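First, one chain by itself in structure tokens, the form predicted alone.
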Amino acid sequence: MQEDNKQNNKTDRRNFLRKSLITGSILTAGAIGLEKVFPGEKDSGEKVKVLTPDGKVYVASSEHLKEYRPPPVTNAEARKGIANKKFVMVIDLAKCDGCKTCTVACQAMHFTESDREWIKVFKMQDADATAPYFFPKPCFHCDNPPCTKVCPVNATFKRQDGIVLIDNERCIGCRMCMAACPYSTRFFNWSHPDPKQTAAVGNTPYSPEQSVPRRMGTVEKCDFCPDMIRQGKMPACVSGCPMDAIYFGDQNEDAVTNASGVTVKLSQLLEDNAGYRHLEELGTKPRVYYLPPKNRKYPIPDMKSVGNEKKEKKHIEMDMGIMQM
């Protein structure tokens, strides 16, 4: 009996040593490159260095890496907001060329339908003699928001960091906030969630900061991407703008940054460029500022490709008569 126990102990010890050697080999291989752990697999991705939470550096194929998305914050944290911050957006109309890439980036981020553009781009023209320009219009996240005052269930709320959000688990779809908003930047969700959204979100619990999973029969709008802000990232529309026309930052720090990473002093930017707020006379105190389209920095795009507008004939009166354009 004792001999059998000794034999079993030896076998268990050999198995333990063998497993330990295998584990040690894998860890060593991970330190010099994950491609040596799986010699049968071919990695065509770029090799990048990654830092683990315990401070170790590994070399891995980019094909094996997935972006880490932290779990959403609780509803209580989402309602409170980020402490000591006052987020603000600045849109330079002189830079905007009407490409609507900001809209595309926003829709891809939030899985919104084509009939619900959280940041709309309008073609504007102040007078017949002036050149047209483009006007992106997100939610203005007002400091004196009419929408929050009329909601009967406190589903839409103002946070301490300046952002206005909607809790779709509380929203009853009465649309009173839509009627109260003077900017028409709120939308009603008539449809079921997009299957792409369902696949991407998975079992992620709902949070007002992420606006997903989307709820049918509720109101939705631009949210300044607060979940990305918590990760130190820019909102989707800002990072997606190829013209660097949208700035975003913290008013308390008096600094805003565009997609290229250019950071400027907020107060100086507004003062030097005559910054203004849309319909400021209503007293809503929007947190989105505009720089007027003076001295356009980019050529006006071909109007034929924007909205399929019909070019009207214009008559220019000259000394020699009338020349038809």
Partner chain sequence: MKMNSMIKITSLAIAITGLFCGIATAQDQSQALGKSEATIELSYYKKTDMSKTAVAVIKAKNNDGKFVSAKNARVNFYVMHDKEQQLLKNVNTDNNGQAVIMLQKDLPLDEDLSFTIVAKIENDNLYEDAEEQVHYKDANLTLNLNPNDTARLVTAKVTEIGKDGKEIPVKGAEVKFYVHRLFGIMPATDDNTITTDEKGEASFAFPKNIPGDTKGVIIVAARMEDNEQFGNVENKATASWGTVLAMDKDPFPRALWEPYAPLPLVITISTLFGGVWFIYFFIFFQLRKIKKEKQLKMR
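Residue numbers count along the first chain shown, from 1. Here the structure is a predicted model, which means the values were calculated and not measured.
In what follows, reference is made to the form predicted in complex with the partner chain, a form of this protein that is not presented.
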| message | Between 73, 93, 234, 90, only one gets a heavy atom within 4.5 angstroms of the partner chain in the predicted bound form; which residue is that? | response | 234
| message | I'd like to check something about residue 160: if you look in the predicted bound form, is any of its heavy atoms closer than or equal to 4.5 Å to a heavy atom of the partner chain? | response | yes
| message | Using a 4.5 angstroms cut-off on non-hydrogen atoms, would residue 221 count as touching the partner chain in the predicted bound form? | response | no
| Within a 4.5 Å heavy atom cut-off, is residue 270 in contact with the partner chain in the predicted bound form? | no
| Would residue 194 show up as a contact with the partner chain in the predicted bound form if we use heavy atoms at 4.5 Å? | no
| query | In sequence order, which positions of 117-150 have a non-hydrogen atom within 4.5 Å of the partner chain in the predicted bound form? | reply | 143, 144, 145, 148, 149
